[in-house]
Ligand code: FUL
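First, one chain by itself: the form predicted alone, in structure tokens.
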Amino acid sequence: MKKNYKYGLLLLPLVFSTLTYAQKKQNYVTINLTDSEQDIVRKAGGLTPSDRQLRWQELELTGFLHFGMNTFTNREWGDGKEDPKLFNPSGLDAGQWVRTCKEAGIKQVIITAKHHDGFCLWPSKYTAHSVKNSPWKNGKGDVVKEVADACHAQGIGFGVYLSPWDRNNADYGDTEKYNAYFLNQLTELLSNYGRVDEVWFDGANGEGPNGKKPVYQFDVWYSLIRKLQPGAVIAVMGPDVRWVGTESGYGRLTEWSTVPMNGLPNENIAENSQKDITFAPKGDMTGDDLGSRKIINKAKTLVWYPSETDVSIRPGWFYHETEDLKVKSPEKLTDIYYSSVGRNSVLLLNIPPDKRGLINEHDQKNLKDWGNIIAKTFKTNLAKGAKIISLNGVNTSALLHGGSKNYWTTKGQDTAAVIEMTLAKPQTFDVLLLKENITIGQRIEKFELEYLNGKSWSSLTEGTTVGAKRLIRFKPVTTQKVRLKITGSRLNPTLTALGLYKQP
């Protein structure tokens, strides 16, 4: 679906908006010429997510619903010349879409309200290329409304994708005229469907009928979203959420939510210290190393900018009958889960409805089985009831019953610690779960898990970043004693969860 936007992400200007609450709680900070390396590390460790970013990161699993004209033309990219009469799902049931996603553990879904072909899934006042001129429900239908209503009724988040590229609109290519059109459509989506939790843009930008590419007015779009839906995160060509850099579903082994953003003048921060501000970050946000000490030491500005890892459950982004037997298996989806959610990222899983307007049976089955695997794995924390010793630690009980207001940390300014756990009885496990208290920052840089093997300690696994959630699998071991060694942290390390689990 977004192969084009990979390049757009690197080539198009990306305007970044941030919000600061108070002097000691903010999601951006400038680096001064006089700052030492340790000053920079401390600043990085103190950045925190905005409320909207925090809510989004805690979702862990979100869903994409690619549905539209391409569903009926058996294409991935339409050319905008399609006859609206082709759009006619025989049994569209948005409640089934949302229910299927929710049962798999997905907490929010995004509908492709308009893809590159310009066909609108709502009866837009500003184009004839929409459901209002289709035979579906005699032109009286509104897919966006049905999805929004289903999300709100079933208690999950609702988001919209609106393609910046429009191959149907005659004014595409004329910057001023097209941006006015785009703003009108964005206003419709943000005004008529209740709460919107995410607005998703890609960087698709082709030539218009005049042979030119319009310049997208991202800053104006962002301002409108902040005005009409202030709680919505803006992704991926957006200020709140960045693309992880691959459509495979696999994130980095080291994933920092705090990354450099160069190009923000200091005077802008002073002038806008309590407001949403905009600036254009420079550089490639898809590299292997975005936030290590080596990288941040060269930064002018640091920003909390968490990653979203996207992938489709099928080879394509839209439904194609020929791919019914190519739906990702529950085991593959599980591997993706560990490599996205388990690496401090939010997984955006695409699940495209079929020509009937239903999530296909093949997708349903694999989603259900995948959800069962995850639910069974994490049903019981085998560390429950353990005796915990942490000589320089504070509030050890929070390791098993923690949260943002109740967390383990270290005394003084200690950036290293050992947490030793004696389990209630010998247990067999093969998964480690860690969570930092990201409401006060992402800090842990290196850790190792060991287990008592007879009379000596043996290494089980090791890792770097933790963030919102870190999951690591390893060969099963049976023991009654484990210890977590945190050997590197930017400030006092924090943990709200330490779990040991056994895969079914």
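These numbers were taken from a predicted model, which means no experiment stands behind them. All residue numbers are counted from 1 along the displayed sequence.
Missing here is the form predicted in complex with the named molecule; even so, the following discussion is about that form.
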{"query": "All of Phe447, Glu462 and Tyr501 with a heavy atom within 4.5 Å of the named molecule in the predicted complex", "finding": "no"}
{"query": "Residue (of His66, Arg52, Lys43, Lys435) lying close to the named molecule in the predicted complex, criterion heavy atoms within 4.5 Å", "finding": "His66"}
{"query": "The single option of Tyr193, Trp77, Tyr338, Phe218 touching the named molecule in the predicted complex, heavy atom within 4.5 Å", "finding": "Trp77"}
{"query": "Contact flag, Trp317 vs the named molecule in the predicted complex, heavy atom cut 4.5 Å", "finding": "yes"}
{"query": "In the predicted complex, Glu247 touching the named molecule (heavy atom, 4.5 Å)", "finding": "yes"}
{"query": "Interface membership of Trp200, the named molecule in the predicted complex, 4.5 Å heavy atom rule", "finding": "yes"}
{"query": "Tyr161: touches the named molecule in the predicted complex, heavy atom cutoff 4.5 angstroms", "finding": "yes"}
{"query": "Candidate stretches 167-175, 379-387, 136-144, 110-118 - the one whose heavy atoms come within 4.5 Å of the named molecule in the predicted complex", "finding": "110-118"}
